[in-house]
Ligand code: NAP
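Encoded as structure tokens, the following chain is the form predicted alone, with no partner shown.
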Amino acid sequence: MKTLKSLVRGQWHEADSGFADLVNPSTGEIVARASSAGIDFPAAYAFARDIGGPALRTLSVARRGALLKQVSKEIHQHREELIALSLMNSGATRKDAKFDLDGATGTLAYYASLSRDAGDARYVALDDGLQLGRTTRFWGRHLLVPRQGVAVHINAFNFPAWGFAEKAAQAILAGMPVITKPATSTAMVTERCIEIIQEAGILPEGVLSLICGSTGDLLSLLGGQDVLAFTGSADTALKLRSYPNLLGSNTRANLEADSLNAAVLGPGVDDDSDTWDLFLADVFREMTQKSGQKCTAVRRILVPQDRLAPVREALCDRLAGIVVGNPSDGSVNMGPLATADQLQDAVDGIALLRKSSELVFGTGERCDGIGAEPGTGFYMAPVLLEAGDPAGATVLHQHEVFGPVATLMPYDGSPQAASELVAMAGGTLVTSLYCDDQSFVESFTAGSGAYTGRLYLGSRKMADQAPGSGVALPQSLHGGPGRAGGGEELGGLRGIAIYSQPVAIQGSRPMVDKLCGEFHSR
């Protein structure tokens, strides 16, 4: 059985106690163990800050980007090995494992590409500048300067490659060293990614550290120059946000938490249109991809009352084609949930939702999987619920079941009613609207835009290029207000702002312009 190691102070550390087991969710078999026992966290933090930070900040933005490009290529070269690990430790199908890994390498490559025109710039300018005095001799600009602390990344179990790479790409390009902590249950892929990078000798010493297991007292060490980025549950986010030292020093925290994302079918969408097909394809994918274990998955499906029956029928027909089981079986197109706890949480959550909705597809209970021994694995078939009175069923907008589960919700076909239902979740990462009526789109945006981090507008004119509402593209912001955590990641070079200090530079124009350079965040 493999023992996962941590990378701290430039060396691999293997614990000798305090282990947590990692299992194959398709079989329940223990495949590895992990612990951070014995790590000197103050020393690990200081090494990243005092060795990795200066080494990275002396490099130009372009050079940092070149490092990211090398990292992307190196991970991609080990793609097949990492896919196999994902199947074993995450229960992902091959298609879902590729989605995670290609998202990781693609995001790294994208951030590398942003620096191609940076020249010798060590900073990123936010604007061209503006006149502050009687003439242009007194000039001002805004600059992003790397923070001189450590970026601590705590990632969720569902994307062990993409989650690590997404955050690391932004921090490293900004000039901050990274300590990454993957969810223990699926840490095998992340550990191997870091091992590949370390073996290739790509990054300067101290730029990238790994914690497999508990973070110990690491978070209590963070101060005003550090950054904490977290993806996970709202309950854990609240605990992290409440650390006294984080509050006292105003440590920057970027949090991505629960999100009851909504897919809204607009009125007047015919069932023989491209918009209709896109709506069904997206909802089906977002319910079943990664077994519904995605922060951007659709949880609420808003449909005009007069279209409820055909939508129900069409979705049930598609869900009937899902084969749940061990991904090693070629007939399987949806794997298990990641852990026994995740399965139990899903079963309990569905029981709670059923107090305010009816079951129209699936059982909401554990099932046996194709290609697995009866009674083994953490399997659940897709579940579709339907609410008779979604406006009066608060729990449907407050409790997220993190699995292949969504609820149909009828509305009267008006943008106001749809917006009000969307807003009941208190903030989403993504809301998708499928509609070809411009006036409805405008009214819906006005009513719901403040409650979501991304608004995905599906229509016939973009259907043939639509990536799906659940794809967090690095070009666009990823995050959401309120319940979704209030954070912001990605969005091109906007993503490095989390890891930078915006500074207003004021002085003579030649001096200011030479300092700031020509490399812009837009």
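Start at 1 and count along the sequence shown; that's the residue number. Predicted model only: the values in this text are computed from it and were never measured.
The protein also exists as the form predicted together with the named molecule; that form is not presented, and the subsequent description refers to it.
This chain lacks the partner; the member of Leu433, Ala112, Ile172, Ile154 within 4.5 angstroms of the named molecule in the predicted complex by a non-hydrogen atom is Ile154. Of the candidates Glu191, Glu256, Asp100, Asp226, Glu256 is the one whose heavy atoms come within 4.5 Å of the named molecule in the predicted complex; the others do not.
The chain is drawn here without the named molecule; in the predicted complex, the stretch among 138 to 146, 237 to 245, 348 to 356, 329 to 337 whose residues come within 4.5 Å of it by any heavy atom is 237 to 245.
The named molecule in the predicted complex comes within 4.5 Å of a heavy atom belonging to Lys181. Contact annotation for Thr215: at least one heavy atom lies within 4.5 Å of the named molecule in the predicted complex. Looking at Phe230, you'd find a heavy atom of it within 4.5 angstroms of the named molecule in the predicted complex. Of the heavy atoms in His478, some are within 4.5 Å of the named molecule in the predicted complex. For the stretch 424 to 439, the set of residues having any non-hydrogen atom within 4.5 angstroms of the named molecule in the predicted complex comprises only Leu429.
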